[in-house]
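Structure 1 and structure 2 below are the same protein chain in two forms, each given by itself as structure tokens.
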Structure 1
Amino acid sequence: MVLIGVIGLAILIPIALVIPWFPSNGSKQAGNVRTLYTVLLLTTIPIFVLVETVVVFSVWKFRMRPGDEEKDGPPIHGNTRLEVLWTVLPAILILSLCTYAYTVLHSNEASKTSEMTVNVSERQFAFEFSYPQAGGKTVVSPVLYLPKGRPVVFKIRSLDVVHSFFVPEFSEKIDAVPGITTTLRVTPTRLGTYPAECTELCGAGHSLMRATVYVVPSATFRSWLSSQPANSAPPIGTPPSSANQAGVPGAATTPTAGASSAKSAAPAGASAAGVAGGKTVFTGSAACSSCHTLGAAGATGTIGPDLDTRLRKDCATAASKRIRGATLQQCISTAITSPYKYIPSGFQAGIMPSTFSHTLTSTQIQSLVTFLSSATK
């Protein structure tokens, strides 16, 4: 039996170690997690092999042979020493694994002095990253740029439902929870382009809620950052109302336009209304392009109606005119702010986010309307 066990171990352990389990190792944290996993494999495979071996050996050795039909096994009721042994050994093993996991956790989550803060705000079905700058300004971007080697702390918020922020190469993730700010620490160690994913089911567009992470050399990062207009496009939604939230951008700059609620508008006037602005919102922060096709914006989404071919036709129907207003502008505006008032044929309610009226500013909505009414033919 020992032989079976040894053979099992000799086969399984090399296989387990050779399999490329993880995606490439992109951060300091990821390295620790990979080591932890190797340790877990090395401790648990023997347990698994032990169980298998006993089963296989018993089946081979103790199976009923012809003529044994009426035979019984020896009446062994137990063995205290054995029972103590298999209680205590796993317990020790478990507790040492926990201790080790705890140290990994602790070092992965330790804060560093040179940390850079990036704010992530998530909504159905888009990420938005913003970098607080000197003077209370922010740089806002739908993609994530990170300098290699610099510890980053992400401050993550959600504007509607629970989302999540996960970069497999970093081995770190945390949910974005409405009402609170969650924190994630990563030190990228490898140049490259990685996916960032929302891994918490958040509605129809969940599978499409993706963003791209670029880990670049520090110099590249600095020049990228300075090339970005600070406060160019307003962050979608607003920071939590408690202005003392450390590192939340715009907490100081947000004009509290008479609104105390967290749904209040983002910096007004920060956005240049008009076609260009509308296109930015469409492809960027509001992520309309994840669901709609629109040639003018290079969007190819297929979840919602193809705006190139459908929008004008749909808005011209009598029912739509009655419900969403007679002009194209009114129609689009209603379609964005209360999407289910009128459902174009072949589609369903409940898919297009119904929260744009408070996650987008009125300026942004206006710019979308301008953009869409000019972009569709």
Structure 2
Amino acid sequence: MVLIGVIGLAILIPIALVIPWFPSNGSKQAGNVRTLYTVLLLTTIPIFVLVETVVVFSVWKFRMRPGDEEKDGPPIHGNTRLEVLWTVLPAILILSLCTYAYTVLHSNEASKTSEMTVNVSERQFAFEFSYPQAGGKTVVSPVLYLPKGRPVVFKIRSLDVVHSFFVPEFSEKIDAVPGITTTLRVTPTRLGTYPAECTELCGAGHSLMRATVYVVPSATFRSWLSSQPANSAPPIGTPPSSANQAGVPGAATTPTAGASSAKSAAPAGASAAGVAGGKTVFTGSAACSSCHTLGAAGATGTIGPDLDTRLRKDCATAASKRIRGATLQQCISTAITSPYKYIPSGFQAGIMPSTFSHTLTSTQIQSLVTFLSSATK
């Protein structure tokens, strides 16, 4: 039995250590989590082998043989020392592992004196990242840039429903809860491009709620940050009055009494509908570029209709034949807000989210219409 257990350990431990349980290690916190996981594997595999070896040996050695069906098993009296041993040792092991896990959690959550603050605003179905600067200025971006080696504290907020913020290579995740600011700390240690994901089912477009994370050298990050305009319009649109909280671009710092006052508190230019704003919505919060091809946006998606063809050749005739008296802009607006009213040939209902009339603001929809209309020229 001992020999079988030793052979089992010799086989399972190398296999467990070779299997790539995690994606590439992209942060200091990820390294801590992987070390903890390795310790758990090296602790639990011997226990697993011990238990299974005893079970298999007992099944073979003490199995019921023909003719023993009517017999009782031999009377066995309890062994107090053995019972104390198998109670105390597992208790000590569990307490030790819990203590070590706590030290890893405490280390991952510890604040650093040089940490940089990045605000993360989440909304159906997009991320928005903002970098507070000196003098009350803020740089806002639909993608996340981080300098390698510098501690970062994320202040995470939701503007509608429960979301989450997760970068697999960082091995850190936390929920974004409406009305609450949650905190996550990460120190990137590996240059590269990673996905940021929402891991809470937040609506029809949940699977498309992603953003790109760039971990770059410190000099590259400073150059990128200095090249960005300050206090620009939020990529995901003006926040609703219920989302008025510090750290959310475009939101008032104090709650407003009504919709009219919330509207007046929005920064200048936040409600302007233009081509640039529509392109930002197309590639960012609406995630249209994930499914459609459109040269003007650099999009190459193939799930939905090719908009280069659809806009230039089909939409104008659709406006005259299917929606009597409608303009091209009205046709595009209908395709966004009621996508299954007129389904293009070769496609079926259930693919494109039908909730954009609720998840996008009127400003965002108008910006999209303006941008898509310009793409036909």
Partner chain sequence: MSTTTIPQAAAPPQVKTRVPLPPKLRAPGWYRAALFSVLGLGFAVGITVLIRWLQHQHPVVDGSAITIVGLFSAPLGFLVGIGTCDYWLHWAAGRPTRPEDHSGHGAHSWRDYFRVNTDHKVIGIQYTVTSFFFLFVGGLLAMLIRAQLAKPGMQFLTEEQYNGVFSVHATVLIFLFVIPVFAGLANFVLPLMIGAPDMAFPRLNALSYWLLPLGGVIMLMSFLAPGGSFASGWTAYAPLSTTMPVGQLFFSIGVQFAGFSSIFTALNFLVTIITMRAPGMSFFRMPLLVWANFSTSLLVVIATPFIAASQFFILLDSSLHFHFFDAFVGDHNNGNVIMYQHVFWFYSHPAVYIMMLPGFGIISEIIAVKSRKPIFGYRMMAFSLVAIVVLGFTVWAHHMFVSGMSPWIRIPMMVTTAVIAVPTGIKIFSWLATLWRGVLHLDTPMLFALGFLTMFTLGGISGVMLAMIPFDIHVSQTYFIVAHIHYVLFGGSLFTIFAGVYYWFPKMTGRMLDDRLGKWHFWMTFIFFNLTFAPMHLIGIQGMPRRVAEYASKFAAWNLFISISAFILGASILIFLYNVVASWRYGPRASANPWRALTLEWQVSSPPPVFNFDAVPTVVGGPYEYGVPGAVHGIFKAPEETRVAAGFTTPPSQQRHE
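Definition used throughout: the rigid core is the maximal C-alpha set that superposes within 1.5 Å between two forms. Everything numeric in this text was worked out from a predicted model, so none of it was measured. Structure 1 provides the reference sequence; residues are numbered from 1 along it.
TODO: Only one of these is the form predicted together with its partner chain, so let me know which.
DONE: The chain shown first - structure 1 - is the form that fits the description.
- [ ] Superpose on the rigid core, then tell me if the C-alpha of residue 25 is displaced by 2 angstroms or more between the two structures.
- [x] The answer is no, as the C-alpha of residue 25 shifts between the two structures by less than 2 Å after core alignment.
Open item on the list: Aligning on the core only, does the CA of residue 295 end up 2 angstroms or more away between the two structures?
Closed with: Yes, because once the rigid core is superposed, the C-alpha of residue 295 moves 2 Å or more between the two structures.
Open item on the list: Taking the rigid core as the reference frame, tell me whether residue 304 has a CA displacement of 2 angstroms or more between the two structures.
Closed with: After core superposition, the C-alpha of residue 304 moves 2 Å or more between the two structures.
Task: Cα displacement of residue 338 between the two structures, core-superposed (Å) - done: Core-aligned C-alpha shift comes out at 11.0 Å.
Open item on the list: Could you tell me the distance the CA of residue 369 travels between the two structures after a rigid core superposition, in angstrom?
Closed with: Comparing between the two structures after core fitting, residue 369 shifts 5.2 Å at its C-alpha.
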